[in-house]
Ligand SMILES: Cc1ncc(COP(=O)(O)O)c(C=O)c1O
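Take a look at this single chain, the form predicted alone, given in structure tokens.
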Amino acid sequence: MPSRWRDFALEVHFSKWEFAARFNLTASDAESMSLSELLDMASPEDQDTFDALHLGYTETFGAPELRHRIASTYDDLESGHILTLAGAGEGIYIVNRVLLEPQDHVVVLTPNYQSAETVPLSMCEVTGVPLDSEPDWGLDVDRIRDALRPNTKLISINFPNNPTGCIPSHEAFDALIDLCRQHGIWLLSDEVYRLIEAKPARRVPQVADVYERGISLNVMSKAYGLPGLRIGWLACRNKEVLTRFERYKHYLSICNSAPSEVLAMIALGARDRILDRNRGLVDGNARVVQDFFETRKELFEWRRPHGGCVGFPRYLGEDGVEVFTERLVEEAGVLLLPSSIYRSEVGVVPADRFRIGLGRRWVPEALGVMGDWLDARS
């Protein structure tokens, strides 16, 4: 275990470039909307609730109506199975801090969102299991089985995956659930990109719906495109464990922002409209990105991701992906994330990849700038 946590590489990089670059072409969320646009979607009752809102503390578990609406997005959960959070990162931290002890062992997939491995690494031993980049970032359940130890307490997954956008086959997903059930292992499933799939038939269930030790993590930030609300949640059938999560939240955010809770309720009430819009945006951008890379096969290798708002193409240029992405943002103002940002302490991540975002409306314009820059240096 490391003696200290390493810097969060993605956030350090973003602190320098996210708002300085002309185009954040690596953005991981869907296009957001203005407050007035969201309020235009409110029912009269929700509008009245927002207008009469008292700016005091809120319930630590979250507003009852918000939890009810979140629960309705699952197959058969109720509001008592939901704990709301100040974003998804708080959920990753809480689950690991509550469930793990120094004698435990965790399995995480790589590549991943860094805190999925950094937080458990601060507490116990962690084994990384790589997704198979060839042919299509597949999930090998046998590799996970081989990584298990008698003291394995938790497996952490993220589908659609950040940064690859992969989704496992239904057969592999079911096999993973069976493996966890056989060994009594907790399964933390980061599902923040769920409902943004290229093919809906590829969508896998939420683990809290299908596994008694499944913990589903979600947020308003990614598929819904509303990161400014800072509203996320954990869903779990085990109410005793969920209460332990809530008690740990007392040391962190304590409670959510009251306006954000009501705005999240409004968004969930209009979820079909919002998700249809965001799926259409991602689908259109994916086609534009496909055409862009098709005309530059000597530099890029690309397969459309199964889902989510990001992809992880390969860069084939002789200068290497680190130099390429650095020069692109410095000289053209177009931000991409090189694979070094996804460096793992527990597994190997390909060193020739970069993350590209598919969820923003100006992706075609950013690709035009990137294309002009590439042409000018050829």
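Everything numeric in this text was worked out from a predicted model, so none of it was measured. In case it trips you up, residue 1 is the first one in the sequence shown, and so on.
Here the subject shifts to the form predicted together with the ligand, a form of this protein not shown in this document.
Taken together, the three residues I155, Q206 and G214 all stay farther than 4.5 Å from the ligand in the predicted bound form, as judged by their closest heavy atom. Stretch 192-200 is the answer when you ask which of 294-302, 192-200, 129-137, 143-151 has residues with heavy atoms within 4.5 Å of the ligand in the predicted bound form. Residue contact with the ligand in the predicted bound form: K249 places no heavy atom within 4.5 Å of it.
Among heavy atoms of R271, none comes within 4.5 Å of the ligand in the predicted bound form. Proximity of T110 to the ligand in the predicted bound form falls outside the 4.5 Å heavy atom cutoff. When contacts are judged by a 4.5 Å heavy atom cut-off, R230 counts as touching the ligand in the predicted bound form. The listed set A88, L188, L83, A223 contains one residue whose heavy atoms approach the ligand in the predicted bound form to within 4.5 Å, identified as A88. Checking V219, M265, I167, L176 for any heavy atom within 4.5 Å of the ligand in the predicted bound form turns up a single hit: V219.
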